[in-house]
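Let's start with one chain on its own, the form predicted alone, as structure tokens.
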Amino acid sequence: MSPKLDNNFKVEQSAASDDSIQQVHARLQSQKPEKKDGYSLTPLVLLGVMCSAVFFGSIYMAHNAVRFDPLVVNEHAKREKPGAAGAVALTRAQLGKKIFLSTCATCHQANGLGVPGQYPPLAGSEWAQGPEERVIRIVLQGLNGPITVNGTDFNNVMAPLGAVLKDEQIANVLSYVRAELGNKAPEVQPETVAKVRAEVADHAGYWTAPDLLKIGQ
């Protein structure tokens, strides 16, 4: 075969190949499913299923979850009357635990042992278990200067909390300090705190140990 004929044959073969490729592509295109107009409902269905799961799951958790401990979650939990239907009787000491841990434990430590040389202990303290009028004054208006606790001398400042804590909160936290941490003293009532608050309204500045020792003698 001459070179000229050979070249013509190659051109025809190439053209045939291109036609075959185009036919194959045309068949593949015709086999693809036509895209329908509009949006698919699948995402909406999945969203509905997830929302339903969250909703019913929340209901299940509300009815079956373990109850939160009111001593940790809410220091404002109400004291129920003994014998009330479904009531959980909480003492003032129990209600005051959270206040103590969030407000007092920074200096006096969670175990009430204080910090040697800096902050006096409340555990076994004669001050904590002494006349309630003294400790109420300390919480309301603070304490400054030397003080002897459990035979050890301290000289530091306790900030006043009267503007921060309400009467019932002070009664609760002092009841906790006086009844727990190894102490055994009666709980404090909000009415007593309110009475002392009114009595010391004209007192300016911090209390000192000598002034406090005159109270309750």
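Position 1 is the first residue in the sequence shown; the rest follow in order. These figures come from a predicted structure and were not determined experimentally.
There is another form of this protein, the form predicted in complex with a small molecule, and it is not shown here; the text below is about that form.
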item: Heavy atom of residue 46 within 4.5 Å of the small molecule in the model of the complex; value: no
item: In the model of the complex, residue 137 touching the small molecule (heavy atom, 4.5 Å); value: no
item: Proximity of residue 157 to the small molecule in the model of the complex, heavy atoms at 4.5 Å; value: yes
item: is_contact(residue 131, the small molecule) in the model of the complex, heavy atom dist at most 4.5 Å; value: no
item: Triple contact flag 93, 162 and 192 to the small molecule in the model of the complex, non-hydrogen atom at 4.5 angstroms; value: no
